[in-house]
Structures are given as structure tokens and as C-alpha cells.
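Given next, in C-alpha cells, is a single chain: the form predicted on its own.
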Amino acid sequence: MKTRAKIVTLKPGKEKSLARRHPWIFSGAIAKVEGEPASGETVRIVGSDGGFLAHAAFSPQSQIRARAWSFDAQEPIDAAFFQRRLKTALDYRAAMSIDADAWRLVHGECDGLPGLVVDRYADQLVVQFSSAGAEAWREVIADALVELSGVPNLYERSDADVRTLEGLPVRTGPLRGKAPVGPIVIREHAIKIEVDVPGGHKTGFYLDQRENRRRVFEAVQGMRDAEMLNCFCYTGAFSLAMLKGGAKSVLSIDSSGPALQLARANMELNGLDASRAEWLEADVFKALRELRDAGRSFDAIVLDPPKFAPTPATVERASRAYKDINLLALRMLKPGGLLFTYSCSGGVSPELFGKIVAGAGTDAGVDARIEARLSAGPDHPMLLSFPEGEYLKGLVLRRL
């Protein structure tokens, strides 16, 4: 007997976002659910008129109650579907000219695979399942990744906070092959970086900033005797770009002692002069005020803070934090100096971020020219239908 499809019917007027191929269905848009689908199970999404809209993964505990896999009524969601989607994602990256041996292979919704992130660090794959749908196909996805990539070692970092919203437990460890023994050394342009896959942020490192670090490296090459500041430096990747580019000195600040320890190791790995680098374990907000009060000034400053606004409810508070650090940085920036400032908060749009930084400039009494608007690298694609994918945004400002 053929199993009856489980159906989610939307309220009148709530089908508009799906008609624009946005993959999320929120709980408030749903009129009824037929068939009692389990967590991660594929359901058929229909409009109030019964017309097909999408095949989606059901998530009974999340406010995002379902995430669309496909908008094609005739496309089955099976192992072959994931094989095709993963092959398309990997082929897309293979065609890129990425001057590195570490990059993102799968970028969630923007690769048609909601809740799935896969990064490659040299000969190690790292996967993160953050949705009920991706979790349900975990074993199928793992097998396909190893087969398609030719990389036998796949480590799982399913420890993002969003899993709790999906009703999923935290899980980390080797999923296929062996776990990495110690840090993995990757190459990014002319720089070597040690990555702690089991214990580092996200999947171990911030691959999305790769091209932006190259931009910093290139900018520094034209700045002689430059004194520079890197805030929220983590393991020092932007600091390495500054030092490799020829900065006279770089002060790097982070609140994590272990991260700074790895940053020092990265400096040694690249054969850089330790006398040109200062590493400060401190709260960045407090440290910036102390530097301002001491009359310090810099030729270039990088602000790459963590996610200040993890949800829309925290955007107002996050906006104040972004304004605070940008105001302090602009006041300490020398005339003609460069500020590289970023936000990775999905709830803060590029337009809002621009307004925040502009307000910081006004309050600081500083005039600056926008020299570039930045985003994640091409291996982190963005879809017109999914603006939430544009989480990383940045500005390059030159003080006048």
C-alpha cells in the first residue's frame, strides 16, 4: 500500500514567500498539519487552495516549522536527491580559483540544503547539521560527502546553539574516518594557519573572511611604518595578514587566552618577527577605551566582532555595541588611515550596518570615505530569494 503523504497547509496569503522560493515556513503561517510528521520528515507544503508549493523537512519544535528542499512537485526527496545537490555544490567550488586549501563546500540554504554546512580544511572535512531535516539525512549525507570529495576523514561539529531550537542534542566527533590529531595547518594565500577543528569557533575557523584578509594584506603593503590594531583577533588571521604585508607593529586583542596562544603559534609558523606583534588578552570594549584614554592612534584598524545579534530581538542592543566600537576606532584612526569593520549578525542588514557606522562617524566627529563594501567569499554564495544568507557584511573606510 502506498503511504499517504503528510501535508502542511498554509493560511491564506502565507504562500507568497514560498512563491518567491524562500525556503522557510514559520509556525504562524501554518493552518493545519495532516499525518503527524516526525522531526525531519519530508512533508508536502500546500497553499490554502491545496496547490503544491514545496517539499520540505518538518521541524515540530522550531519556530521555523519547515524548510524547503525542493519546489518541484515531481522531485522525490531521497538519497539520490542529496547526491545531486551535494555534487552540484562541490562542482561549483571546484570551478573557482581559490588561492587556498581550505574553503566552504556546502553553504546551507544557499546550496539548496537547509541546515547543512560543510567546510574543507586541507584533507579534513567538517560538517555541521543544524536543522531537523539535515539531521534526518545525516548518514546519507555523510556517505555522499566522502564519496564525492574523495576525502575519507569527516568530523562532525553539530554544536551550534540553533540545534537546541530544533530540539536536537549537541553532537561532535569523527563521523567518517579518523579525528584530526592536533591542529590542521591550512594555507590561505601566502599565509599558513593552524586550525583547531574539534575546539575552534564554528567548524574550527572563519573561512568566510578569506578574501577580506587578502584585501587587508594588499592594503598594508602600501603603508610604510604603519601601526595597526586588530580587535576580536581570535587566532590572529587578520594580524598575520597585516604582519605579512609589512606592518611595523600590530596590537591584537581578544578575550580568549587559548585563541591568543594559537595566534602566537601561527605567527611563529609563518616565520614572522615576534617583536612586531603584541597580543593582549582583554575585553575589547574596555581595551578600546583604555587605548583612547592613553592617546593611542593607528594607521589601520580591523573590527571583526562575534555575532552581536543572534536573533531579531537583540538587534537594538547589538546596534549600540557596533556603534560603540566603531566610534572608538574612528577616533583612534589616523588621518588617511583605514578601518576594516564587519558584522556577522544576520539580523543586522547591510543597510542598517551602514547607518550604524555612519552614526558612529558623526558622533566621533570624523569624516570618512567608503572605499569598499565587503561580504563573504564566493564559496559562501548568496541567493536573491534568501536575503538572510547575506550575514557577513563589511566596510572599508578611509579617514579624511
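The first residue of the sequence shown is number 1, and the count goes up from there. What you see is a predicted model, and the numbers here were worked out from it, not measured in a lab.
FYI, the form predicted in complex with ligand SAH isn't displayed, but the following is about it.
- The closest non-hydrogen atom of residue 169 lies beyond 4.5 Å of ligand SAH in the predicted bound form.
- The closest heavy atom approach of residue 256 to ligand SAH in the predicted bound form falls within 4.5 Å.
- The shortest heavy atom separation between residue 211 and ligand SAH in the predicted bound form exceeds 4.5 Å.
- Proximity of residue 304 to ligand SAH in the predicted bound form: non-hydrogen atoms within 4.5 Å are present.
- Figure note: of the listed segments 130-138, 269-277, 226-234, 69-77, the one touching ligand SAH in the predicted bound form, with heavy atoms no more than 4.5 Å away, is 226-234.
- When ligand SAH is considered in the predicted bound form, only one residue from 121, 322, 238, 155 comes within 4.5 Å through any heavy atom, namely 238.
- Interface residue among 313, 96, 294, 282, judged by heavy atoms within 4.5 Å of ligand SAH in the predicted bound form: 282.
- Annotation for 77-103: no interface residues with ligand SAH in the predicted bound form [heavy atom within 4.5 Å].
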